[in-house]
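One chain comes next, on its own, written as structure tokens: the form predicted alone.
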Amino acid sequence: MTEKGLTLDHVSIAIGGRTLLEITHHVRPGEVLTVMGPSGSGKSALLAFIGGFLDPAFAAKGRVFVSGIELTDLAAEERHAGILFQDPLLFPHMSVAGNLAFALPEAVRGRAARRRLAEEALADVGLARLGARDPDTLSGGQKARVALARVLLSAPRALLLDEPFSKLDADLRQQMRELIFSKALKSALPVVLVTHDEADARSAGGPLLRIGE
């Protein structure tokens, strides 16, 4: 398959002999596919299958392609899937800029060049001049922005969102929705969002799949 974007080709995920989901879908560059369903319906398992870190307790079939590259048999680190979780998962022993520089591809060489790109990425998400800060001194919304900037710096092929807005208050939630979806569109990244929140789906504006209902 050479079509640009993310293709889920007859993907099915089961546990204990019970099929949780079956999906065939194509996500265009910049588009957000929202997957909604109750807890235990397999939403996070779907992201784990795409990203290459599905728990072996699950049985999965099907294939995943990104712009003609089949990811299914690649190791997780070779898939280059950018992932955002409910928690920002910043490294506490690194500065804010250090967190971002860590995500840069190895092809970017030189401490000064990596630091410059990290600072530019921070400015791009509204956090200019915060590179020297300790992540623990940031607010929840600032941490979420750093996590987004770090993922984008890693040059992902696709973006996977595992309820990344759920721990933010209402105002911050809408700000982060708008920021993440606009960045994905600008970078032409296909996005898969799993959520319980109908407002997330409305903000995403793309196709919606309901599972486990």
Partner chain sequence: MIARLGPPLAVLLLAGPVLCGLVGTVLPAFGYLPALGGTRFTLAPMRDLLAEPGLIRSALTSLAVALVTAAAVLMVVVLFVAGWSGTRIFGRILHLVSPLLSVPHAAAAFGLAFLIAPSGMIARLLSPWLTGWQRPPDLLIVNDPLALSMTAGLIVKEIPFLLLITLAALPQVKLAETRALAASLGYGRIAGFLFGVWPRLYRQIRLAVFAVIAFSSSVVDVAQILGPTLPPPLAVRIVGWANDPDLARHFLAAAGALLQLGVTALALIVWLFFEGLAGVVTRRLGQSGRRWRGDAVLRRSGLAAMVATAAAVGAGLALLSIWSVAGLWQFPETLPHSFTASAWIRTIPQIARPLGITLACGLLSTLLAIAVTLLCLTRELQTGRPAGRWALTLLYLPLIVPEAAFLFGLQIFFLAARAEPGLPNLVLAHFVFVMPYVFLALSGPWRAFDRRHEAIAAGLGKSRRTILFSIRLPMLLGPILTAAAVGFAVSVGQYLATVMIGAGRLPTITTEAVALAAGGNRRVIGVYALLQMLLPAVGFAVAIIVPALLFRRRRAMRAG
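Numbering follows the first chain given and starts at 1. Note that the structure is predicted; figures quoted are calculated from it, not measured.
Heads up, the form predicted in complex with the partner chain isn't pictured, but that's what we're talking about next.
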Practice item. Decide yes or no: are Asp9, Lys43 and Lys61 jointly within 4.5 Å of the partner chain in the model of the complex, with each residue judged by its heavy atoms? Key: no
Study note, to complete from the structure: With a 4.5 Å heavy atom cut-off to the partner chain in the model of the complex, the contacting stretch among 183-191, 170-178, 144-152, 24-32 is 144-152
Exercise for review: Using heavy atoms only and a 4.5 Å cut-off, determine which of Leu130, Leu71, Val125, Leu104 is in contact with the partner chain in the model of the complex.
Suggested key: Leu104
Review point. Is Arg111 close enough to touch the partner chain in the model of the complex, meaning at least one heavy atom pair within 4.5 Å?
Key: no
Exercise for review: Give a yes/no on whether Asp134 approaches the partner chain to within 4.5 Å in the model of the complex, heavy atoms considered.
Suggested key: yes
Point to revise | Contact test in the model of the complex: Pro38 vs the partner chain, heavy atoms, 4.5 Å | key: no
Review point. With a 4.5 Å heavy atom cut-off, would you call Glu120 a contact of the partner chain in the model of the complex?
Key: no
Revision key, fill the gap. Within 89-124, the residues having any heavy atom within 4.5 Å of the partner chain in the model of the complex are Leu89, Leu90, Phe91, Pro92, His93, Met94, Ser95, Phe102, Ala103, Leu104
